[in-house]
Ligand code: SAM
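Before any questions on binding or motion, here is one chain by itself as structure tokens, the form predicted on its own.
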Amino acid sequence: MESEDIRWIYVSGEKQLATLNLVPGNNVYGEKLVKQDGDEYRIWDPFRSKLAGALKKGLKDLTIKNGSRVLYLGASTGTTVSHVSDIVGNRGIVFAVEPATRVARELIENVAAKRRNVMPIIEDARRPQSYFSVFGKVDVVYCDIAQPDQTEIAISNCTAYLKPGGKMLLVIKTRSIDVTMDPKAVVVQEAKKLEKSGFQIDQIINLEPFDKDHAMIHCTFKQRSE
């Protein structure tokens, strides 16, 4: 999968995923900067970003494009957020939700302060009605949170903010949901919850070897918001 904002680049003979750097000269987490065809790209490490891992494992449709409006749940220090920011460009926006103040400080200082298209929201994803800075509907919800009810949290955020026909990329952290269940069974269980809530499952990707006992569900929001 390639576009003007995302590319496969050969570095020392190895094929690497990279995004067009929105802030040339700036790196976020020590990633390598590479010049190609007059542009600067940031190497996107699949061991540091589950979205890069999913692309490496064959995610067919990234759904996040130039100009997209993205609600990102579980922004952490902003590693993946920064690459999403590269992809959506200055015409898009990333609403980055992170509840932990210490972590959010890094998100603000290293990512949001340098990228005008990243809007940090220091809130608990369980309270989507508290995101006062989110305006209008979004095209994509990306959810990467370690909670037993992570799927339910994602669904409530989609109901509040995702436009009908919009997409969700949901990281399933099976050990956070149920450490006693077989990880594959947990993924199936969470996918069924999504289907019952009006989502169409488009693709399920096992994220190993990049993340053990993790999967990503790519789905479409069919249910109309109230």
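Residue indices: 1-based, along the sequence shown. Just so we're clear, the structure is a prediction, and the values are computed from it rather than from any experiment.
Keep in mind that the form predicted in complex with this ligand is missing from the display, and what follows is about it.
- The closest non-hydrogen atom of Ala75 lies within 4.5 Å of this ligand in the predicted bound form.
- The closest non-hydrogen atom of Ala125 lies within 4.5 Å of this ligand in the predicted bound form.
- By the criterion of a heavy atom within 4.5 Å, Thr80 is counted among the residues contacting this ligand in the predicted bound form.
- Although the partner is absent here, Gln147 sits close enough that one of its heavy atoms falls within 4.5 Å of this ligand in the predicted bound form.
- Put simply, of Lys167, Lys50, Arg69, Arg42 only one has a heavy atom within 4.5 Å of this ligand in the predicted bound form, and it is Lys50.
- Along 85-118, a non-hydrogen atom within 4.5 Å of this ligand in the predicted bound form is carried by Val97, Glu98, Pro99, Ala100, Val103, in order along the sequence.
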